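Quick heads-up: it's one chain on its own, the form predicted on its own, in structure tokens.
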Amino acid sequence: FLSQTVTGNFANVIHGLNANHLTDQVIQRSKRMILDTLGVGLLGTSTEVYHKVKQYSKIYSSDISSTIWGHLDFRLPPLYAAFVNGVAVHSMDFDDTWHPATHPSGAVLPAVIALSEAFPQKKKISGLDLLVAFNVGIEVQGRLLRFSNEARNIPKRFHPPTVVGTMGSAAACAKLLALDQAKCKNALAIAASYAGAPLANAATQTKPLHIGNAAKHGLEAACLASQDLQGNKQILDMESGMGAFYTDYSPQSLPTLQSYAWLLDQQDVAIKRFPAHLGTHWVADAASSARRKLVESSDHMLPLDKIEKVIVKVPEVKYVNRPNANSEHEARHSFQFVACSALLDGSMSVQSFASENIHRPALRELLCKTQLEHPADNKPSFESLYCEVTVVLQDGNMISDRCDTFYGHWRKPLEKEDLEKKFQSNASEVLPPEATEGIIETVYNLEKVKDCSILSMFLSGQSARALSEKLRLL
């Protein structure tokens, strides 16, 4: 009987959730996530790792094809479109972060957009279909993360999107394909066999592949399940199933469909203001504030030659402790680099990670004076961590500042205006202004859009023709 197991219960919920279950807050929050993810994905098409995976994916061809974001003249089969666009989303570590820790949107959105383009012309996927599928994929990730207390902390062994993101992508794609409960169970089982990647590849060009693979593998799992490929019917119930990834795995049933409570209603995401590991955002805000105090007391110039040392109090997170970041990927995963950059410049931006900024002598000099401390009360959780930056001057004076909640964290969400500015800044690097505006308007009206292929048209860079088409669709 389907709902006796947690796996059966999940299958039942994935199959049963529909547009009527969505709340206004879930719709609003998920639209913000969608807009932000599209923007960072578009900007990500300018990165070196993106160009490498795009070249690799050209070896695949198919009669069915999906949009590659930012490209009018290049399409790929849905699986590889999901992969390439997913890599773009995470290529700069600029995508959203949730609690318990994962990057939820990048694993799901590229997969459902690519899949939506693979349906026959007569079977249009609406904006509401896309919103429901996206939210099912986000929900499944959040629920799985709550089956383990370990998952509440910043990870140590594997990168969470490679596990829960793959499952979320499979659930979202199963929803879009309208699979029955038995096939939803198989989609989860197949996806679990694609799950997992070690955290050792953080701060390298391989880490963005984690999100691309999660999107692609989830889509593949749902497509295989639609062909009735069989997997273990209790994959979420077993220690040797999803329990393989957590030592304290304790699966629970989901709320009933009659009164379904979405996790996104209870827990918003963090949206980043600059492209780096989320933990560094506390560091940036504390260091920027410390710099303001320093400059006020030193004739509005940063007294670099008078700095004895810089102490950065953060939780112990080994893969973000990088005293000598030499590449953009290492710099994005370095407490020390972000502290010194923010002290020098007063803020962080996309440009902070350009090679000329990473290797400038003033930064290297300051890095040599910087040390991390790990107070016992500073736990490695995005819910509770803090950062304190202290600049010790040669005359013995100390300037300190502390950040408990940075701007962009779920406790202090970006204002709509700042979210739009981030999107426009990112998207305008690769799209014409009309396409950029078209995406904003389409996402904000997504639940009213009759055919979501309009979104893919804008994402490819089409503008004038798509705009007139769009007015007809809304």
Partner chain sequence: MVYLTLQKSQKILASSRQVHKTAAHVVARSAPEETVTSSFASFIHAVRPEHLTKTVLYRSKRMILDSIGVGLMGSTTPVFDIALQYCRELYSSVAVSSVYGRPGMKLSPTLAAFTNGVATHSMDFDDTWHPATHPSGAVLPALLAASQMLPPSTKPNGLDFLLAFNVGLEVQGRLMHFSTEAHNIPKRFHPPSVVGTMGSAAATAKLLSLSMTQCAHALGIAASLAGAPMANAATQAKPLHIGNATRLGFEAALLAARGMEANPVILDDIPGCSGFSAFYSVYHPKPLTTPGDHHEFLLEKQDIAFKRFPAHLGMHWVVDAALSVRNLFINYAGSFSPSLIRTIVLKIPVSKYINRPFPSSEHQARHSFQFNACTALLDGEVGLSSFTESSIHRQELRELLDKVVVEHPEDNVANFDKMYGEVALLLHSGDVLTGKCDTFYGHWRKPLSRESLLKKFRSNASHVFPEEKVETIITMVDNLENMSDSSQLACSL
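Everything quoted here is computed from the prediction, not taken from an experiment. Residue numbers count along the first chain shown, from 1.
The same protein also exists as the form predicted in complex with its partner chain; that form is not shown, yet it is the one meant from here on.
- Item | Answer range among 131-139, 336-344, 190-198, 375-383 for contact with its partner chain, defined in the predicted bound form as heavy atoms within 4.5 Å | Every other range fails; the passing one is 190-198.
- Query: in the predicted bound form, which of the listed residues (Asn357, Thr390, Gln205, Gln181) lies with a heavy atom within 4.5 Å of its partner chain?
  - Reply: None of the others qualify; the residue that does is Gln205.
- Quick one: of Arg402, Lys293, Lys369, Lys156, which gets a non-hydrogen atom within 4.5 angstroms of its partner chain in the predicted bound form? Partner contact (heavy atom, 4.5 Å) among the options: Lys156.
- Query: Thinking of Lys422, Val449 and Ser456 as the candidate spot, does its partner chain come within 4.5 Å of a heavy atom on all of them in the predicted bound form?
  - Reply: No.
- Query: Would Val312 count as a contact of its partner chain in the predicted bound form, using a 4.5 angstroms cut-off between non-hydrogen atoms?
  - Reply: No.
- Quick one: does Lys124 come within 4.5 Å of its partner chain in the predicted bound form, counting heavy atoms only? No.
- Task: Spell out, yes or no, whether the shortest heavy atom distance between Val49 and its partner chain in the predicted bound form is within 4.5 Å.
- Result: Contact check for Val49: yes, within 4.5 Å of its partner chain in the predicted bound form.
- Item | Tyr80, heavy atom within 4.5 angstroms of its partner chain in the predicted bound form | Looking in the predicted bound form, residue contacts with its partner chain include Tyr80, since a heavy atom lies within 4.5 Å.
- Within 4.5 Å of its partner chain in the predicted bound form: residues from 205-242 (heavy atom criterion): Gln205, Thr206, Leu209, His210, Asn213, Lys216, His217, Glu220, Cys223, Leu224, Gln227, Asp228, Leu229, Gln230, Gly231, Asn232, Ile235, Met238, Ser240, Gly241, in sequence order.
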